[in-house]
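The chain that follows stands alone, in the form predicted on its own, written as structure tokens.
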Amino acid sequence: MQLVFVQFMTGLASAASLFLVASGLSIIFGVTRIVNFAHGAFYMLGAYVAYTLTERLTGVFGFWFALLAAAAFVALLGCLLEMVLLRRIYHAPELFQLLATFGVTLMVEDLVLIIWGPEDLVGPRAPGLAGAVVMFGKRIPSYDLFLIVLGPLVLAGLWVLFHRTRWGVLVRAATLDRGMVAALGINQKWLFTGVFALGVFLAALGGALQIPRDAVNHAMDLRIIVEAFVVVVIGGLGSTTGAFVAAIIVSELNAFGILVFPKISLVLVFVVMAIVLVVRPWGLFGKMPPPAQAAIGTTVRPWRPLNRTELIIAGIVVAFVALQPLWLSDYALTVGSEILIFTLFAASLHLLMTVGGLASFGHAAYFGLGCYGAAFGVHAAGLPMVLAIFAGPVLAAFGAAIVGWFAVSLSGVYFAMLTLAFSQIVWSIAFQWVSVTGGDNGILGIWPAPFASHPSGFFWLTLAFVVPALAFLHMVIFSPFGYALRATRDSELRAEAIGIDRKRVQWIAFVVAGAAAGLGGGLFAFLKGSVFPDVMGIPTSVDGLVMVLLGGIETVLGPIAGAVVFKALSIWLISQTDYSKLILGAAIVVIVLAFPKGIVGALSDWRARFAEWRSDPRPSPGAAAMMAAAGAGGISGRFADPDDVAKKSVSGRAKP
């Protein structure tokens, strides 16, 4: 009984810091609608800056002042980020905001290494709270009791701020209807900046408060952002009370899971998250969101299949790629095989995101199931390499069929979070089911057949699998099924009115995308010769999202270009510098700002503008005015505020 009490108190103490981070994330998303992946980076920065300040400021006053000063300093950095970067993409699709904040996270990870080094840092104990209090015969750290009291106090302070101040009322109004707040003449830019600063302050304070309890390290950001997303989804987006309750639930599950369910301790939180999303998709304290008005992937110019000339060009490109083993080195061919595999992975995610409007945050699960399917085929069934590769998409399709059955009942960010939950469940099973998967030791000795043992042979084998798979996905996009899938993306009500079963169509697409990703995973297992649980972790899923977004979500060939550019750039940077994440993150941010439609989308726009210029180099006065008004609104005009464009268009009219 005493052990249970100690674990319970430890869970409550951990819930305080988790609540601070999750409440900030929930507030930011509720008002700005930004999926802020950099929130974990601010948490980590708060811990590092607090460590530095507490080393220089001594005494009781110095310690507590250092924690608050660290949070305030990081909040100022958050304001700078919001004004310089996020203001330009507020009207972009949510996933572009995710991509930009992911680039910021990569940059912060390397900046932390440059400034503070790779070693874990142990902060000082809290002055006056370094001892312990005896309760029920057990010593409870005084600092834990302080955190337990702090959590409800912060919750009460946030309630007063949002319900008893004019600023808080405006924030709540913006959460419900941003358009109405703008119509009332409220300056939304500064309102959003204030909300972002508050959210970042809470995240940084949560990190700063952890330095007396845990070592400060450069892996804090990814760990906390996953738990914060879980808390926000369970509690309900935009609800601080929900974040508080969910933080306690998650922290207590983490505290007791290792004691009660040691075999599945890592999966408990995500099982609860999945159950909540299935039963109550908008969270325990959240409100049902309004129906989505538009989905990602909607394009002004309708897609069309490749014409005869383009098919000939594609054939020439494939033939040229097939000739690369004649002059490339073995290392370059190995890199080329990996790029081809991730091209298929990105294309499979593109089918869901762009054609179906379903943003999966856990697509790596099916890539990983493909890896394990191939490994089981070799070691358990004794299959030859080719048949073992096909075992990958079979296992991945089976897993996608189960997950997709539940996931297609949701949409938007809730769909994304449910796929993330199931992905983490699959990862946890692979990590803890040591007798079958080998756990963290992985499965080794997955060697290719003799004809594919040389890098050139494996490159040709990969090309022989990837090209037909890409052609099949292209065929699916322009088949009657693909048009039905796009109909469910653009208008669920209209699609159902003409007899399209949305859930069935999206579920089939989910299975097809999972099988395609599993085929890439089966090839990847033989490329690396081993399989580890990390292959289905969150970083792999994020890589897939980055590839699709870099290429362009409004294009068919975007995932291919995005995968080639992202994978080649990341591999090259790793070989050239110790700070590859810093350069790669900066490149991602620049691409989001300069090419908001992605690489292929930007090329298509340039081609269309050039063709229009050739046909009529002098634009009409009306077109010139519209182009000038849109261009003044922000990056490329696509993400400009419609209200701003309208105002500039009106103000630009000549007086009668």
Partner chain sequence: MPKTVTYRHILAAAFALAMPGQLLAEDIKIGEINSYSGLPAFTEPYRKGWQLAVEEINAKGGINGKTLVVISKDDAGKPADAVTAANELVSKEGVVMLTGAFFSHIGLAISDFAAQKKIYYLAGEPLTDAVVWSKGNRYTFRLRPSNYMQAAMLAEEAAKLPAKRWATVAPNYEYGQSAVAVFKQLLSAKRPDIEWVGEQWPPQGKIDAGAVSEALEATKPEAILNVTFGPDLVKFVREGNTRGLFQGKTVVSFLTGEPEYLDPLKAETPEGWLTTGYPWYGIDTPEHQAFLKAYQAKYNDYPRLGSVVGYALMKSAAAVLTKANSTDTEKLITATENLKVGTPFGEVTFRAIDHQSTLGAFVGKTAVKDGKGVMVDFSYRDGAKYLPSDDEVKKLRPQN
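Note that the structure is a prediction, hence the values are computed from the model and not measured. Positions refer to the first chain, counted from 1.
The same protein has a further form, the form predicted together with the partner chain, not shown here; the description that follows concerns it.
Here is the short version: of 442, 103, 399, 236, the single residue with a heavy atom within 4.5 Å of the partner chain in the predicted bound form is 442. Only one of 172, 213, 88, 189 lies close to the partner chain in the predicted bound form, with a heavy atom inside 4.5 Å, and it is 213. Contact annotation: the partner chain lies within 4.5 Å of heavy atoms from the stretch 247-255 in the predicted bound form, the single such stretch among 368-376, 247-255, 199-207, 228-236. Taken together, the three residues 136, 471 and 510 all stay farther than 4.5 Å from the partner chain in the predicted bound form, as judged by their closest heavy atom. Under a 4.5 angstroms non-hydrogen atom cutoff, the partner chain in the predicted bound form has residue 331 among its neighbouring residues.
Residue 524 belongs to the set of residues with a heavy atom inside 4.5 Å of the partner chain in the predicted bound form.
The closest non-hydrogen atom of residue 194 lies beyond 4.5 Å of the partner chain in the predicted bound form. The partner chain is not shown here, and in the predicted bound form it never comes within 4.5 Å of any heavy atom of residue 554. Contact annotation for 117-141: residues with any non-hydrogen atom within 4.5 angstroms of the partner chain in the predicted bound form are 118, 119, 120, 122, 123, 124, 125, 130, 131, 132, 138, 139, 141, listed in sequence order.
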